[in-house]
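In the form predicted on its own, a lone chain appears below as structure tokens.
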Amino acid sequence: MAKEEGYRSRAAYKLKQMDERFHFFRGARYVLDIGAAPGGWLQVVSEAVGEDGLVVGVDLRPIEYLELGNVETIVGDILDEEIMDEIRELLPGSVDVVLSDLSPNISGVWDVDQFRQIDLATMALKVSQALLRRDGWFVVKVFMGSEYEAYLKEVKAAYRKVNIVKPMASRKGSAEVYLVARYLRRRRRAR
């Protein structure tokens, strides 16, 4: 179905289903997509923010050119300060939505894969805290497993509202869920 409708991945439907429920793209102009390859989410967001919006996609792998005027892509590691500077140059101020569909290279050893995925999700959380506006949305993929509860607690400490979602487009046997968070909590100032 994704190919028939011109999307690069079926993950596009996961994002569409979550947005239908939470409407995180309503009024959004600036969106950051971390782990954006192959570009299916970029296509969905491009449609949602329209010509006046801007979507920045970052991935370690190059993203094949999308003929979309409101999409910019960056090849690199989100933890690299130069990449963060490049993102800040493209996006004017705080962003409305931070998306992360990051997944590690699957090794087949579940505990290792789950730990690596939670590590990526933790990185995405830090990026969201640095770039997201206070009432913005953070949508992140998480693998269920031994590290899940601790990560969920971290997200709840950072955001006032957190929902756990398994989109219909996710495979039934998949251990992935998405956290849809909103309203960054104020950071306490150092004394």
Ligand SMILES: C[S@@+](CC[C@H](N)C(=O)[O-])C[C@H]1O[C@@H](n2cnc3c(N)ncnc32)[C@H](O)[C@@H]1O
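C-alpha atoms forming the largest set that superposes within 1.5 Å between two forms make up the rigid core. From 1 onward, residues are counted along the sequence shown. All values reported here derive from a predicted model rather than from experimental measurement.
Below: the form predicted in complex with this ligand, not depicted.
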Check each of Val98, Val71, Leu120, Ile87 and return the one that places a heavy atom within 4.5 angstroms of this ligand in the predicted complex. Leu120
Joint contact, Ala11, Gly39 and Asp77 to this ligand in the predicted complex, by non-hydrogen atom at 4.5 Å: yes
Can you tell me which of 149-157, 22-30, 55-63, 125-133 lies within 4.5 Å of this ligand in the predicted complex, counting heavy atoms only? 55-63
Close approach of Ser103 to this ligand in the predicted complex, 4.5 Å, heavy atom: yes
After fitting the rigid core, is the C-alpha of Asp119 off by 2 Å or more between this form and the one not shown? no
Rigid core fitted, then: does Val75 show a CA shift of 2 angstroms or greater between this form and the one not shown? no
